[in-house]
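Next up: just one chain, as structure tokens, the form predicted alone.
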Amino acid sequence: MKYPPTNLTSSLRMLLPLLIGIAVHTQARAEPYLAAREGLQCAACHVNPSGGGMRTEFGDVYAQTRLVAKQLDMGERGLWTGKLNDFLRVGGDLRYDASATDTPHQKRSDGFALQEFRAYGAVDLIDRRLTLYADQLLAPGSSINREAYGLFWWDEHQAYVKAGKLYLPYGLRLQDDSSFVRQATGINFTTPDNGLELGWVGSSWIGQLAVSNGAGGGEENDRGKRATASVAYVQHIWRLGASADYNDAAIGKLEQGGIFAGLDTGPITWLAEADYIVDKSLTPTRKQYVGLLEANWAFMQGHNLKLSAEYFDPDHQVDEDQRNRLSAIWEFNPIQFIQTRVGFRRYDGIPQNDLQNRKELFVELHGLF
């Protein structure tokens, strides 16, 4: 394995503040709150212009220098940037946790579980122009491909086209797939789709339009297609965006739209998303509302306290069926490549459903490279 030379590592360390500034003025699930905190767009830290998955070289350097409580000396090998050679970069994420769930009228359940082990690979066939990318879920269970696409950038490195299996561009690219906004809309890291995406990454504006099968990554079984679009205006301390999604499926049409925002107020960074969903695959047609408000407090170097409140109305025609979820999570990055998370979640739903009123406590080990 080849590692970057020491002089490159030293240069990256000295130029990190400059790199952040450049990213804001050029490229401009890291998680969205980090982008909002730094005034960056997703393409600054991720190979995928719409966010999530493998980190860029800048993203790797940022994670090893700005997020950790203590930076250990890497010696002559220097910082990890994922580069095996001039063409190939790799990366990965591993999440393992211990959890306890307390559900009314049931025995408490607890245990250990491997949540995910992902491997990323990117082949830069033409520097800054043509990339082949893959995101593979290796565990738990059998290996599953999540993303696999070709990505082509035009000369100015602002407009791009992406074709293959990809995550749809909608809302905040939250790491937590169990959040109400990601579950209700059905667009998260477990539901990629086969299709084509066109995108623009400017100094302030970013937008994507994807046309896909609408089969959640499975085989196409009808003539209908899915169209998903997202646009956002990004400034240094705030951002505002909107998303829309239309799936012309054989079982019935799905229409949904929403707005999302980010605001940095010093020690606390805020995220918010609200969505309206019309599901015509159900009889009668079901209208749903879902929302998220999240606060992230960087109270000490390497530490982040995440507090979130979520709301979900699964059927606007039914009274008093709304659900709420409150979460408090302490994230700690002691050294490079390691993050620990301790969290508590409380669910509040209809009294007749015990599962909607459970409490969860978890401790997670996250390895990232």
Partner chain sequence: MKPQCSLPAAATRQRSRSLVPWRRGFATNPLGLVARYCVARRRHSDGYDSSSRLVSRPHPFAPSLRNLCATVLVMCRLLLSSLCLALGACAGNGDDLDQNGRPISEGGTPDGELTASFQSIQDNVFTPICTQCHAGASAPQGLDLQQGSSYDMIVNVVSQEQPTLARIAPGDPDASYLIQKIAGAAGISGARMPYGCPTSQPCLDAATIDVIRQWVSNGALND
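The shown structure was predicted, so the numbers you read here are calculated from the model rather than taken from an experiment. Numbering follows the first chain given and starts at 1.
There is another form of this protein, the form predicted together with the partner chain, and it is not shown here; the text below is about that form.
Only one of Val231, Ala261, Ala298, Ala119 lies close to the partner chain in the predicted bound form, with a heavy atom inside 4.5 Å, and it is Ala298. Taking a 4.5 Å heavy atom cutoff to the partner chain in the predicted bound form, the contact residue among Ala163, Leu132, Leu240, Leu282 is Leu282.
If you check the partner chain in the predicted bound form, you find no heavy atom from any of Val181, Lys225 and Gln339 within 4.5 Å.
None of the heavy atoms of Glu331 is located within 4.5 Å of the partner chain in the predicted bound form. Although the partner is absent from this view, Ala272 stays clear of the partner chain in the predicted bound form, with no non-hydrogen atom inside 4.5 angstroms. In the predicted bound form, the partner chain sits beyond 4.5 Å of every heavy atom of Gln208. At a distance threshold of 4.5 angstroms between non-hydrogen atoms, Gly52 is out of contact with the partner chain in the predicted bound form. Applying a 4.5 Å heavy atom cutoff to the partner chain in the predicted bound form picks out Ala298, Phe299, Met300, Gln301, Leu305, Leu307, Ser308, Ala309, Tyr311, Asp315, Val318 from 298-318, in order along the sequence.
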